[in-house]
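Have a look below at one chain only, the form predicted alone, in structure tokens format.
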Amino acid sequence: MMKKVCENWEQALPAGTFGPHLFGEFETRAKNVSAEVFRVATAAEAQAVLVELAKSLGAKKAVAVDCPLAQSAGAYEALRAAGLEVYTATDDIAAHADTADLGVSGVEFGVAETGSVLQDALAVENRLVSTLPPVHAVFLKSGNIVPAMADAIGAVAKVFDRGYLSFITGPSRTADIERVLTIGVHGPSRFIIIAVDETAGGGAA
């Protein structure tokens, strides 16, 4: 089983305030920081989005971390059927992440205030797929949206003991050379969020 800081993040989210009603605000803010957002109703539709993305990239190789939504969608089998090499074992991800065309993983929740997502990055494979390939796509439950960063920090405070967490806000960017904004220098130049209404078990997110 993949190492995680928390096995059930939903229990840590602020009861009564998080939910799909915040998705519109989250989507607007995420797009404002150049994330690409696709909201779909079912896992099957999520699979189609991922495969079309890979085809549009002309991708030949992907590194992918297993997550419940990807499993439910049969996402990685579909990428293989589309002709991609897909590496999911930790050692394989470490060996191929720097030459892969596409990284795929899951995230725990989004933040409406900033358009950010939180990734439980205790497992090294999550850190590899989210930083080395030029394109990073993530699966997100569309109902797991908290209102503000303060709520996100509150959720983290409930469960964090040790390890790594990543807040991802759009593609990698820097302006440390003469304040000229440059995308994709220190990480992926494209960040794609595939938000799924259906849960991994088939219910509503």
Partner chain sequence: MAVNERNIKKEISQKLKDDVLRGALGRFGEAYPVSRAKAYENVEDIEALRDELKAMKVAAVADIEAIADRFEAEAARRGAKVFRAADGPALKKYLLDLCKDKGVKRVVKSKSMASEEIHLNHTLEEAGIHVKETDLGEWIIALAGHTPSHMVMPAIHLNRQQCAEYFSKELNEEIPPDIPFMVQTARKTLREEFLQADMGISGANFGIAENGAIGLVTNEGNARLVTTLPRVHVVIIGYEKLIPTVEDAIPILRSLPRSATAQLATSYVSMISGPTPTLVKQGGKWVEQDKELHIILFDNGRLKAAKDEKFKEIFQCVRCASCLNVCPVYQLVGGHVYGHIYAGGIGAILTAFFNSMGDFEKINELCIGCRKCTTVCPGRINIPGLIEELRVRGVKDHGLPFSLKLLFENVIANRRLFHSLLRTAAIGQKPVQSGRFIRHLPLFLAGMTEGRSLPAVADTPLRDRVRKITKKLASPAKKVAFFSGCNMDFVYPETGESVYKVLQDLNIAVVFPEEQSCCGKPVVGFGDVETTKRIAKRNIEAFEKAGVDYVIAACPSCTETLHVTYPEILADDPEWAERAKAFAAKVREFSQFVCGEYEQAGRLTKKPGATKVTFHDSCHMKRVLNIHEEPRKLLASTGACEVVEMKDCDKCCGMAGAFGIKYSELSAPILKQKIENIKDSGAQVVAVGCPACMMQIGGGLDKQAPDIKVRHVADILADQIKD
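All figures in this text were calculated on a predicted structure; none of them were measured in a lab. Note that the rigid core is defined as the largest set of C-alphas that superpose within 1.5 Å between two forms. Positions refer to the first chain, counted from 1.
This protein has a second form, the form predicted together with the partner chain, left out of what is shown; the following refers to that one.
Worksheet item: Using a 4.5 Å heavy atom cut-off, which stretch among 63-71, 50-58, 148-156, 37-45 contacts the partner chain in the model of the complex?
Response: Heavy atoms within 4.5 Å of the partner chain in the model of the complex occur in 148-156.
Worksheet item: Would residue 31 count as touching the partner chain in the model of the complex under a 4.5 Å heavy atom rule?
Response: Outside the cut-off, so no.
Worksheet item: So in the model of the complex, does residue 17 come within 4.5 Å of the partner chain, heavy atom to heavy atom?
Response: No, residue 17 sits far enough from the partner chain in the model of the complex that none of its heavy atoms falls within 4.5 Å.
Discussion item. Is it the case that residue 171, even though its partner is missing from this view, gets within 4.5 Å of the partner chain in the model of the complex, heavy atoms only?
Written reply: Yes.
Worksheet item: Taking the shortest heavy atom distance, is residue 103 within 4.5 Å of the partner chain in the model of the complex?
Response: Answer no; every heavy atom of residue 103 is more than 4.5 Å from the partner chain in the model of the complex.
Discussion item. Pick out the residues of 125-155 whose heavy atoms come within 4.5 Å of the partner chain in the model of the complex.
Written reply: Going through 125-155 in order - heavy atoms within 4.5 Å of the partner chain in the model of the complex - the hits are 125, 127, 128, 130, 131, 132, 133, 134, 149, 150, 153, 154.
Discussion item. Taking 2 Å as the cut-off, check whether the CA of residue 178 shifts that much or more between the shown form and the other one after a rigid core fit.
Written reply: Yes, residue 178 moves 2 Å or more.
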